[in-house]
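First, one chain by itself: the form predicted alone, in structure tokens.
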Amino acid sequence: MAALLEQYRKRIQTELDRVVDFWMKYSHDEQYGGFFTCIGKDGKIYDELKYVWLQGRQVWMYCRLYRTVERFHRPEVLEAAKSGGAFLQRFARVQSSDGPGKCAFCLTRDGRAVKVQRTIFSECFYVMAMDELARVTGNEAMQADAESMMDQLVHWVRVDSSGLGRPQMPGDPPVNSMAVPMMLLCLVDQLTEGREKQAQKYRELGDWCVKQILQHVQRNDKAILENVSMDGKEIPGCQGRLQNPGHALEAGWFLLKYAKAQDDTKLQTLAVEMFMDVPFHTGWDKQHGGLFYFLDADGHCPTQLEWNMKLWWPHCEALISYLMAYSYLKEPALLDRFKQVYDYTFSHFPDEEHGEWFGYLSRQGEVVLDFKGGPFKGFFHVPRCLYMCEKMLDHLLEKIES
């Protein structure tokens, strides 16, 4: 057992070093600050637009590595994070007539807003970036900025969504999309880590997020549906039948981590049985291997035409989910599931020649798009997965050795 875990750790550690090196080498904009994210397979920039989701994620990732992994506690990592944070604070928020408004989704290289989404996710990754940067710099104003944005997010989600700029259409009733409570639960974890005052402040919100996520368990516990009604019922049509295995698995480890912190054994069991077992049984491609991107609960062709592609991030979430579940529960079947995902992932996604991972494969596992970064793929899912798995393997091996 120890030899196998050590083998995983060695490969994952090596892969994390290669991924960090790739982004440190190619993504930094030394002229304007922030990061390029549209990067070809060999490191060439093919578009200078900067996506706020990915700017925030890269700041967070650099800071987390700098703060918690000794070999990344290097001045150049911190300086890159601070450059990205300064770019975000200066340009991310779009000015409106009544002051700072939403964060942009996309910026020009020099920080001019190009597009604003009518969702909360640019703001979510702004919170993650500012809070983690505050932790490594000790900047209390930055932490206050993160919490202020978090308060605005909660207001939009739970009180009044009009600030998002998305008018409610009469034929489109409000929907509980799993991405929203998932992301807020992630932020609760971020803001409360090691802080008793914030833990008390956000406890009720965390419990609310859990209840909202659990509403997505449908069809007598046989399906995790991406969208349900506001009162937790299945909604008609394609939107209601949509399944996203990667999202369900990500929700699973968010729930598992929250349950562990709250010492809630019932929620731990739910997280594994519903959000890890169900999406694997429904989402794993038994013919070609790998996780489908989207599925229809009734077997119809999903309206997302890329539904049967194999993407990098669901496999990253699966690796985190099954290793975390094994580290908590020590059930051999969970380690077997990790091995199954690991074998597929590491034989298909890493680019042995140039470093980093390809993100978009065909159903058969062939590389369809060979860029390393784009509007949605940046320095986040791959390094977060490798970082978390390395940490968990360290802990498991320490337990065995002691």
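Quantities reported herein were computed from a predicted structural model and do not represent experimental measurements. One rule holds for the numbers: they count along the sequence shown, beginning at 1.
The same protein also exists as the form predicted together with another copy of the chain; that form is not shown, yet it is the one meant from here on.
K.L.:
Although another copy of the chain is absent from this view, report whether residue 308 comes within 4.5 Å of it in the predicted complex, heavy atoms only.
P.N.:
Result yes; residue 308 sits at the interface with another copy of the chain in the predicted complex.
K.L.:
Even though another copy of the chain is not shown here, does residue 364 get within 4.5 Å of it in the predicted complex, heavy atoms only?
P.N.:
Contact check for residue 364: yes, within 4.5 Å of another copy of the chain in the predicted complex.
K.L.:
If we define contact as a non-hydrogen atom of the residue within 4.5 angstroms of the partner, is residue 238 a contact of another copy of the chain in the predicted complex?
P.N.:
It does: once another copy of the chain is placed as it appears in the predicted complex, residue 238 has a heavy atom within 4.5 Å of it.
K.L.:
With a 4.5 Å heavy atom cut-off, would you call residue 331 a contact of another copy of the chain in the predicted complex?
P.N.:
Residue 331: no contact with another copy of the chain in the predicted complex.
K.L.:
Please pick, from 162, 148, 304, 139, the one residue with any non-hydrogen atom lying within 4.5 angstroms of another copy of the chain in the predicted complex.
P.N.:
For this set of options, the contacting one is 304.
K.L.:
If the cut-off is 4.5 angstroms on heavy atoms, which of these, 211, 118, 90, 233, is the one near another copy of the chain in the predicted complex?
P.N.:
Looking at 211, 118, 90, 233 one by one, just 118 meets the 4.5 Å heavy-atom criterion.
K.L.:
Looking in the predicted complex, is another copy of the chain within 4.5 angstroms of a heavy atom from every one of 174, 217 and 346?
P.N.:
Judged in the predicted complex, none of 174, 217 and 346 sits within 4.5 Å of another copy of the chain.
K.L.:
In terms of non-hydrogen atoms within 4.5 angstroms, which of the given stretches 41-49, 22-30, 57-65, 337-345 touches another copy of the chain in the predicted complex?
P.N.:
Going through the listed ranges, the match is 41-49.
K.L.:
If we check another copy of the chain in the predicted complex, which of the residues in 348-380 reach within 4.5 angstroms of it by a non-hydrogen atom?
P.N.:
Result: 360, 364, 366, 368, 369, 370, 371, 375.
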